[in-house]
Ligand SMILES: Nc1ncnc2c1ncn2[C@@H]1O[C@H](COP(=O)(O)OP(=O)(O)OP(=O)(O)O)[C@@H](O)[C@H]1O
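Given next, in structure tokens, is a single chain: the form predicted alone.
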Amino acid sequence: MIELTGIAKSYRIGTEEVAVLQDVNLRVAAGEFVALLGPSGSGKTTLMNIIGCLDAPTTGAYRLDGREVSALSPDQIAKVRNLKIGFVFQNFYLLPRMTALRNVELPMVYASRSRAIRRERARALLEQVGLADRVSHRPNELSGGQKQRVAIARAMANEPPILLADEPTGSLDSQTSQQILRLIQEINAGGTTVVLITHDEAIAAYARRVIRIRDGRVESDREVVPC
């Protein structure tokens, strides 16, 4: 499903060219749960942005579900992000004036789904993540764990085949983190491909495959027995 070949990414800072990723080669099959593990500055978030079609590599090829991403138009890439990839971030990024229900509905608005379908699916997703009694609450009325559950429900609104989670438990206590990671495992068990970005060995242990990133390169890639 995800295939990166010879991926490199660099940025120009003043007169200096700074390499963030160098010759990254990896494949992620449909249904896998992969953790990209590395310290701050290792390049793992840049790699996630490329996988999520939020950024483009400087050189190399990226094929997503059999299609070369560089050959897609901006409109096609936007459609891929909305329909094929769900995003979960450390800081939730919920719209503060919208209820949990409306936040979950939002990706379906961009997918032109009818209001009735949006409402029905958003309610079902919130029930699935254990928030059936919080549909009318706004983000400032929710705990950190509840906000992340809303964010996960929103990420799954259009039934994307891929879920990208960037440090999804970074703002949460350890008990709530475990609950969120178990929820992500359940989503993966349902057939969704999951790519989890983390700097924490204990978080990466929930995945079934750990790819270590260091200094912009893949340092190791191994199967593990998840928690």
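The model shown is predicted, which means the values in this text are computed figures rather than measured ones. In this text, residue numbers run from 1 along the sequence as written.
Below, we turn to the form predicted together with the named molecule, even though it does not appear here.
Here the chain stands by itself, but in the predicted complex one stretch of 35-43, 184-192, 59-67, 169-177, 35-43, has heavy atoms within 4.5 Å of the named molecule. Although the partner is absent here, residue 218 is not a contact residue: none of its heavy atoms lies within 4.5 angstroms of the named molecule in the predicted complex. Shown alone here, residue 20 lies within 4.5 Å of the named molecule in the predicted complex, counting heavy atoms only. Applying a 4.5 Å heavy atom cutoff to the named molecule in the predicted complex picks out 11, 13, 20 from 7-30, in order along the sequence.
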